[in-house]
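The chain below stands alone, shown as structure tokens; this is the form predicted on its own.
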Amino acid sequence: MELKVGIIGCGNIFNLAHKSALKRIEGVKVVACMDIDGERARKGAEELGARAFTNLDEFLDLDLDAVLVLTPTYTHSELAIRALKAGKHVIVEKPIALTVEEGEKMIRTAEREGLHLLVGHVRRFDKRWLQMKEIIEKRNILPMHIRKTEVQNLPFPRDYWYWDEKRSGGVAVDLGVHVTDFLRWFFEGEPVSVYAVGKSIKEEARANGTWDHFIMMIAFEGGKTGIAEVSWAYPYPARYGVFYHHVDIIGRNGRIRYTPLDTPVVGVAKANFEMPRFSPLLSTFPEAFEMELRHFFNVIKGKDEPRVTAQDALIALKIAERAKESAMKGEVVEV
């Protein structure tokens, strides 16, 4: 059975990750690429041997099994709901939506239509974290405290949608859901409360009245605690690698620590000195996107149960949403 797939959104994440992954997956045919920017739609379609569209109604009239929604966060809910109502399974990039309320509407629509709604929490498909999870289980580490840091220098200008809270949710949501989901996945338990602090460091953040550095202290059931630190303000020039991770896990029976800064720096001296980025997405190995999409397509074909559900994605967003509330109030908030 070959799945007929359509893409909505041919911008950043499509070009950095999904496009090359889709080229390598058998049993899937991308038949249409849709974007409000006609040139982006045309280029995407050309590369995947598909038809280009700028009109959503025409795109959704096509005979498609599944639609990938790879657009800015504030559009996720409307586009996913329209695709589900048109009878298509939906794979949507994280965060599931801009707000928990919108995410709940998406989930209700998918349930009503009897279709899959799958959310791209790609960290769950990254071999580093899968291997770490395996070691925790095999060695019976029993994590009690986890600190997870994901920081970058956001390279976009101040008028770009990422900097607008009303379109991206800010760093607490956009990057935060990766870490809140990671903590819940590793603890295998539910959050109880959160205390958070936000900072506005870069000029772009201050101009938009948003935080670009955000710290969450999350209490989980069973006396477990997680610290999630996310930032768009890290002072790395973009070419030095956009992302930096740090994980520290303290368990009853051991400790696991991981940071890319533990490994020697590889430098290239030419006219100037560079540290090459061997992956355009140092946040996630590119093959994780391929593994994620293969898995999601198998779920749609009925060959697999979802490793990460829309409900998981909703809870990750809920923690981030409550954390923003905590940072504004300056007090602990229940999740």
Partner chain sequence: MRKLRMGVISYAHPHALRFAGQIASGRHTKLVAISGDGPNSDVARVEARRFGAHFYKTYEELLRDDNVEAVYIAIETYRHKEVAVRAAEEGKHILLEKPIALTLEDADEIIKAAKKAGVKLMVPYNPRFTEPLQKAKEMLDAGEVGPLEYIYTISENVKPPIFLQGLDMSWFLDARKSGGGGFMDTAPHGIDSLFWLTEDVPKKVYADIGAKIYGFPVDDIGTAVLEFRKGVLAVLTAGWGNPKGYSYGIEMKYYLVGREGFLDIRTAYPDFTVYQERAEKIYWDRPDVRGIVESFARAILKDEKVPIPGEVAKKNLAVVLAAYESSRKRKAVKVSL
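Everything quoted here is computed from the prediction, not taken from an experiment. Positions refer to the first chain, counted from 1.
Beyond the structure shown, there is the form predicted together with its partner chain, which is absent from this document and is the topic of what follows.
- Think of it this way: in the predicted bound form, its partner chain has a heavy atom of just one of V197, V100, M132, A86 within 4.5 Å, and the residue is V197.
- Interface residue among H116, H213, R184, K94 relative to its partner chain in the predicted bound form, by the heavy atom within 4.5 Å criterion: H213.
- Within 4.5 Å of its partner chain in the predicted bound form, a heavy atom is found for all three of I227, D248 and V332.
- With a 4.5 Å cutoff on heavy atoms, W163 does not count as touching its partner chain in the predicted bound form; it lies far away.
- Proximity of R139 to its partner chain in the predicted bound form: non-hydrogen atoms within 4.5 Å are absent; the residue sits far from the partner.
- Using a 4.5 Å cutoff between non-hydrogen atoms, R252 counts as a contact of its partner chain in the predicted bound form.
- Interface membership of R108, defined by any non-hydrogen atom within 4.5 Å of its partner chain in the predicted bound form, is ruled out.
- Looking at 119 to 127, 72 to 80, 164 to 172, 144 to 152, the stretch with residues near its partner chain in the predicted bound form, meaning non-hydrogen atoms within 4.5 angstroms, turns out to be 144 to 152.
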